[in-house]
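Below you'll find only one chain, the form predicted on its own, shown as structure tokens.
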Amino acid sequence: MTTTLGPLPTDRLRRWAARIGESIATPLVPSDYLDLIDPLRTTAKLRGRIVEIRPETRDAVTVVITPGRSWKGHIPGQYVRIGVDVDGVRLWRTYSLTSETTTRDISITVKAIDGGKVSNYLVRRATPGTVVQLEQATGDFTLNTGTEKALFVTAGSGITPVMGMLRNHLDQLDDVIVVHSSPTKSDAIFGGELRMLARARHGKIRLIERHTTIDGRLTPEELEELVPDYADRETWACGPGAFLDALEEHWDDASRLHTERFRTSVAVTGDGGAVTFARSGKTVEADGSQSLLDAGEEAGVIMPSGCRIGICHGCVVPLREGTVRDLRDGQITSAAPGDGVLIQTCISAASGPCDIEL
């Protein structure tokens, strides 16, 4: 008696082929080879490929990226979390999106900062063709529908989310004032484009430039003189934390002032201490003003992170033992073994010896 087997069902055949393929490809699996061939494919983790790097100033560039096909787009003013491999370590940072929403490519504009591993890599070393990791855009520093009179107050790289709004929404605004501060005229990121917009749309957009090497730092009182009707305008401000703190204290109607911070404002420092990263087997001495996130990254520990200002909770990890202090308000958090205490490393500093589950 002869038994004839029918054809394998399609799904079983695919699983069988996949198992055979993976056994041949060990230690890589077929999906790894697909990532090498097409890293931007829909089913892969979201990535992007750098296609252009344009100088903006002597220490700032615009990085143009083609995102993977699962990119969902963004609202002007939002930011994107980007992972780059620097000297063999994957580091994540967030940057405001400066591109128009009608284009397939996206762009970020990065200013190199002293000691900034990612910013200096992107400004000095990255090249077209480099593949970066991406997450979907997020953030609520966006333009309100129906805004008629707008005021944008920016300093340094704080112009980046505002430029994203201007490039996409200028036709919807009838009365715009941009007050931008930079050390010198040549240091003004997007300075040429802003001046061109002000000339081309005279009467609709007014640009007020401040150069701190000559004029000194802008104060809220000076802003009031420069823009007498500032209280009647919906205002978006982005820049150094101390300046934003001063604006928030000065503004009578807080609902009309929207601020975006790139770094945590350090209000209270810790005592510092030895920080042990348990899984990594590393111990470093951190001072009381340094976040645990920065301390870990400097030590070469792979640290989860996100916004880096305490909003997104992408850096939450267990504190196994010890004491940390919140850099924003000085609140103390302590843990003993087995407590299961979670902390945000981006806004926490050592306040004595502590042990982190990383």
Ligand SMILES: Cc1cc2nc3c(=O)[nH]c(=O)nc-3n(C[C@H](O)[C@H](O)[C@H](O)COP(=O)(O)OP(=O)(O)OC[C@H]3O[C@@H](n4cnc5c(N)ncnc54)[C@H](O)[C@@H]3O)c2cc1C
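For every residue, the number given is its place in the sequence shown, counted from 1. Just so we're clear, the structure is a prediction, and the values are computed from it rather than from any experiment.
Although it is not shown, the form predicted in complex with the named molecule is what the next lines describe.
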Check your understanding: Does residue 151 reach the named molecule in the predicted bound form, with heavy atoms at most 4.5 Å apart?
Key -> no
Check your understanding: Quick one: is residue 119 in contact with the named molecule in the predicted bound form, heavy atoms, 4.5 Å cut-off?
Key -> yes
Check your understanding: Quick one: does residue 260 come within 4.5 Å of the named molecule in the predicted bound form, counting heavy atoms only?
Key -> yes
Check your understanding: Does residue 110 make contact with the named molecule in the predicted bound form, using a 4.5 Å heavy atom cut-off?
Key -> yes
Practice item. Please state whether all three residues 96, 157 and 309 have a non-hydrogen atom within 4.5 angstroms of the named molecule in the predicted bound form. Key: yes
**Study point:** Residue among 326, 56, 321, 294 with a heavy atom within 4.5 Å of the named molecule in the predicted bound form
**Key:** 294
Check your understanding: Just one of 285, 253, 114, 221 has a heavy atom within 4.5 angstroms of the named molecule in the predicted bound form, so which one?
Key -> 114
Check your understanding: in the predicted bound form, which of the stretches 223-231, 102-110, 196-204, 142-150 has residues with heavy atoms within 4.5 Å of the named molecule?
Key -> 102-110
Check your understanding: Heavy atom within 4.5 Å of the named molecule in the predicted bound form: which residues of 75-90 qualify?
Key -> 79
